[in-house]
Ligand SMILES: Cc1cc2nc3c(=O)[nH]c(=O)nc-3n(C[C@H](O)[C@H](O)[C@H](O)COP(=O)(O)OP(=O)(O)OC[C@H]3O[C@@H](n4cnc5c(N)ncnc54)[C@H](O)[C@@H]3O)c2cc1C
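What follows is one chain in structure tokens, specifically the form predicted on its own.
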């Protein structure tokens, strides 16, 4: 199996890169180890015992648009996005019908192979050989848009870009997804705190296009709390986080219809690279870890990689 350009990672950076390359007439192949598209722009869907539907944006909560190019993308894919009026007075876009709606729309005409884990990356003549759990893939150019520690593991410590990757640091995030009956109080749409174990709480069902009925909440723990409890099993984490959320909402934890936790080990870049990407000529590394902890930063990185690759005349 071969492709002119292989993009590893179907998050915002990888999709932005692949989409721009496709618009230029190339045929990139996108590989992702997950079953869904979008990376941390993720949506968890749940069916309750009574048949009721729930969904949770358990990763990125919204996107902002400071760059004209990213704003133009949101306008172009207006059917897959919507403004979330959460009382902040700021323009915050979300995917429709969930956060994964935006990356799924971006991937609509791309070759994306899911549930494919890249296990090795080796120079091969003028290109690269990627070892995966689905076989070997040959490529003239490779773009890695996975978290920096995962990219470093594929490159190895001797690669000349490894030192720059080592300077990038992440903070983890433990996320609670919980639902309460819709007739109970809903004291706010979203709330942020710098001093509470729950750094962010969102009434997820208040976002446009979400299922109505039970009230879906997403609560994200602070980096400090997340680091302290990072290795606990999801069931134990849900048991710790649900009372914290219920207390903030003024509800009884026993009233919850659903509660589950998710671990994001590489949730938020705390020390970014400070430039859009790294490259050695036929290999590019990028993601939000290059410029900052925003979805838009990931788009900037992926877009910059695509422009650099096209400028070099590779992948044709």
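Just so it is clear, the model here is predicted, and its values are computed rather than measured. Residue numbers count along the first chain shown, from 1.
As for the form predicted in complex with the ligand, it is not shown, yet the points below apply to it.
Novice: Using a 4.5 Å cut on heavy atoms, which of 121, 177, 173, 198 is close to the ligand in the predicted complex?
Specialist: Flagged contact: 173.
Novice: Answer with one of 150, 91, 190, 140: the residue that has a non-hydrogen atom within 4.5 Å of the ligand in the predicted complex.
Specialist: In short, 150.
Novice: With heavy atoms only and a cut-off of 4.5 Å, decide whether residue 272 touches the ligand in the predicted complex.
Specialist: No.
Novice: Does residue 293 make contact with the ligand in the predicted complex, using a 4.5 Å heavy atom cut-off?
Specialist: Although the ligand is absent here, residue 293 would touch it in the predicted complex, with heavy atoms inside 4.5 Å.
Novice: Since only the chain is shown here, I'm wondering whether residue 258 would be in contact with the ligand in the predicted complex (any heavy atom pair within 4.5 Å).
Specialist: Flag for residue 258 set to no.
Novice: So in the predicted complex, does any heavy atom of residue 276 sit within 4.5 Å of the ligand?
Specialist: It does not: once the ligand is placed as it appears in the predicted complex, residue 276 has no heavy atom within 4.5 Å of it.
Novice: Is it true that 12, 117 and 146, all three, sit within 4.5 Å of the ligand in the predicted complex, judged by heavy atoms?
Specialist: Checking in the predicted complex: 12, 117 and 146 are all within 4.5 Å of the ligand.
Novice: Within 4.5 Å of the ligand in the predicted complex, counting heavy atoms only, one of 35-43, 249-257, 277-285, 48-56 shows up; tell me which.
Specialist: Looking at the other structure, the answer is 35-43.
Novice: Residue by residue through 251-284, tell me which have a non-hydrogen atom within 4.5 angstroms of the ligand in the predicted complex.
Specialist: Stretch hits, in order: 264, 267, 268.
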